[in-house]
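Given next, in structure tokens, is a single chain: the form predicted on its own.
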Amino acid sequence: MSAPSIFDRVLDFANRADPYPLYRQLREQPVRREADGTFVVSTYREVQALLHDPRFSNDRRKLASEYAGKIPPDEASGGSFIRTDPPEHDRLRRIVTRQFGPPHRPTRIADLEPDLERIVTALIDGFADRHQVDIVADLAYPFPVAVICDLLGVPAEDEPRFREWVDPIVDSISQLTPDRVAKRDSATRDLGAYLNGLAEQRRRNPGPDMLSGLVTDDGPEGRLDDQQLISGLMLLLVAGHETTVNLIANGTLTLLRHPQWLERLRQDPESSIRVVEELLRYEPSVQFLPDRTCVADIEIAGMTVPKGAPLTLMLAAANRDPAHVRDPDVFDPDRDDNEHLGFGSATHYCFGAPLARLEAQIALTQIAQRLADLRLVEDPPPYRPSPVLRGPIHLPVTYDKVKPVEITG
């Protein structure tokens, strides 16, 4: 039996708390071919080049037959625009964007800011009679779930059900054991049935939410068909909160490991913009993009990636490439030209990036300003199974007291 490769060790849960030494080893050879035929790309220039290459594909149907048969069908993302290529990707994305942001709803995200502040304020107010909370369970999870459910038009009383549906879907990404696939497929069926029922309700009684718009709007490019609608809703629900949960949890952990920046954020809320941008580079929620391919042979870093071969792009490794960024292992929100791949790049740049940025800025600012003498209970904290959407499963912290909201302006 051969020794595990560096990428095998990245997938190993034993290295979930700190995969960055392994990423450093990966970058010593920008493109590596794994034993199963997957090409792993880990340096910034090469990852960025592939994301902008029209021969690069997110569509699993374009994998060569010897690889496609090894990946079980994924109903959760298979029909959504994230798993399509242009021009179909662009058409589907434009239909969804009509309900979310520019050019048709240019202020929709900015208009949410008072509501986002109100939700975070209420959650942290609820910490007042305690001296220890779990940042994940008590803030980082309920906050973005409440926001995305409200945006989509999911009733608030149904929010607690999403964790039992979403966790098996996220935990199966890139680690397709038979048990995980069975749990993922069961959760996908249950979530799909729920969303189908909700979509039917909105067709009969539309409201101001995104789901009502998606099932009633007759825009110039038509509507999503039933499969595209349900896959798209699953994507928005899962990606719409899961990455933000990890961004807030990873952000709190990073600030507690770098207390000078926690204090800076406490004194200067405007620094939250730079703090979150550096977090997206230093500790991105999405560590890598698995199961991509190419529709023609691609020469990259002296290797040929053949048409139909599986590709994995290591976003988090690329973000710390010393050929791209100065002192890459230093958390420095003051760095200039902080160009990163925290939300991907090019055609598939994260649809919800403006919302995720705003949510993280608000949550981390209130954490810094309101929880006095904040301390970690354990470091490292326990992590979730997924190596792709990486973040703590719990982040217990203690504090002396909860301060009132600071009124500015």
Partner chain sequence: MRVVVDLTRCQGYAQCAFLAPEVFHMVGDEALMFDPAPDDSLRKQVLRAAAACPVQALQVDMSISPRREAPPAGTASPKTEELKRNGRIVIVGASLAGLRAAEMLRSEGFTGTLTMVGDEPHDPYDRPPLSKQVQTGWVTSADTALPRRCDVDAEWRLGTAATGLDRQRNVVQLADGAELEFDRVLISTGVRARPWPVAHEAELDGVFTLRTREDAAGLREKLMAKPRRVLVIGAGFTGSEMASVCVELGVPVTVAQSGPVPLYGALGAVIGRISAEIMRERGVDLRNDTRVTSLEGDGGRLRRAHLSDGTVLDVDVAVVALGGIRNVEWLQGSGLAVGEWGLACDTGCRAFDANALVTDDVFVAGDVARQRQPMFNYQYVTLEHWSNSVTQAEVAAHNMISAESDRWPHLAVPAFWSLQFGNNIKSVGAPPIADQIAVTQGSVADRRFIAAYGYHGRVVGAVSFNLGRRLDYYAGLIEQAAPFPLGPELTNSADDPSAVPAEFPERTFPGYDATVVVTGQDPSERRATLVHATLARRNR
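Just so it is clear, the structure is predicted and the values come from calculations on it, not from any experiment. Residue numbers count along the first chain shown, from 1.
The same protein also has a form predicted together with the partner chain, omitted here; what follows describes it.
Not displayed here, the partner chain is approached by Glu270 to within 4.5 Å at the level of heavy atoms in the predicted complex.
Although the partner is absent from this view, Phe162 stays clear of the partner chain in the predicted complex, with no non-hydrogen atom inside 4.5 angstroms.
At a distance threshold of 4.5 angstroms between non-hydrogen atoms, Arg204 is out of contact with the partner chain in the predicted complex. For the chain shown alone, Glu34 is not a contact residue for the partner chain in the predicted complex, no non-hydrogen atom being within 4.5 angstroms.
Among Asp225, Asp337, Asp329, Glu200, the residue placing a heavy atom within 4.5 Å of the partner chain in the predicted complex is Asp337. Between the partner chain and the residues Gln361, Gln369, Thr38, Thr43, the one pair within 4.5 Å by heavy atoms in the predicted complex involves Gln361. Only one of 109-117, 163-171, 246-254, 178-186 lies within 4.5 Å of the partner chain in the predicted complex by heavy atoms, and it is 109-117. Here the marked residues Phe81, Glu283 and Arg292 all miss the partner chain in the predicted complex; none has a heavy atom within 4.5 angstroms. Taking the partner chain as it sits in the predicted complex, the stretch 89-116 comes within 4.5 angstroms of it through a non-hydrogen atom at Asp90, Arg94, Phe100, Gly101, Pro102, Pro103, Pro106, Thr107, Ile109, Ala110, Glu113.
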